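Form predicted on its own, single chain, as structure tokens, below.
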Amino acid sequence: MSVMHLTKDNFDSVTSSGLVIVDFWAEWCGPCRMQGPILDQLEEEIGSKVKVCKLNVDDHPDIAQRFGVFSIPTLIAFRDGKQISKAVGVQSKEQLIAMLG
């Protein structure tokens, strides 16, 4: 598997079940580019237990607004469709794992 890219068409269905972490990001964002390889490591290590996803806020501002994303990167963890944690700024792999509970 690899990091899944979300859109308005699949966001709700992907986040509605299981454990999911979503990186709200944009192409032009330097810190977002730093977060990318960390998400890849997370996906490699625990991708069988959690869906690791990215959502481009420039392409889907309505979803970013729905979750109160004002700064990027913002990472939000979901369990069965419910938000369980949120962090703003680049997060280490250990911080991401902690967000997942």
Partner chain sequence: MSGKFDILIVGGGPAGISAALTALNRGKSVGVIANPPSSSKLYLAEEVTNYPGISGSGSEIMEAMHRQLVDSAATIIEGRALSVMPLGSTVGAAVGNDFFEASAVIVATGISRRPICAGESSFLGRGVSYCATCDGMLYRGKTVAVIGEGAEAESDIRFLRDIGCEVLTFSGKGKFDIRGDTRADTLIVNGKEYKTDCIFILKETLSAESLVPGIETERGIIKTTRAGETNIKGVFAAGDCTGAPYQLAKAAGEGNVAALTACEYINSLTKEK
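In this text, all values refer to a predicted model and were calculated from it rather than measured experimentally. Residue numbers count along the first chain shown, from 1.
One more form of this protein exists, namely the form predicted in complex with its partner chain; it is left out here, but the text below deals with it.
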* Asked: Are I46, F67 and Q83 jointly within 4.5 Å of its partner chain in the model of the complex, each by at least one heavy atom?
  -> no
* Is there any non-hydrogen atom of D62 lying within 4.5 Å of its partner chain in the model of the complex? -> no
* Asked: Even though its partner chain is not shown here, does L19 get within 4.5 Å of it in the model of the complex, heavy atoms only?
  -> no
* Would V52 show up as a contact with its partner chain in the model of the complex if we use heavy atoms at 4.5 Å? -> no
* Asked: Taking heavy atoms and a 4.5 Å cut-off, does S92 contact its partner chain in the model of the complex?
  -> yes
* Structure fact -> Residues in 13-36 that come within 4.5 Å of its partner chain in the model of the complex by at least one heavy atom, in order, are W28, C29, G30, P31, R33, M34
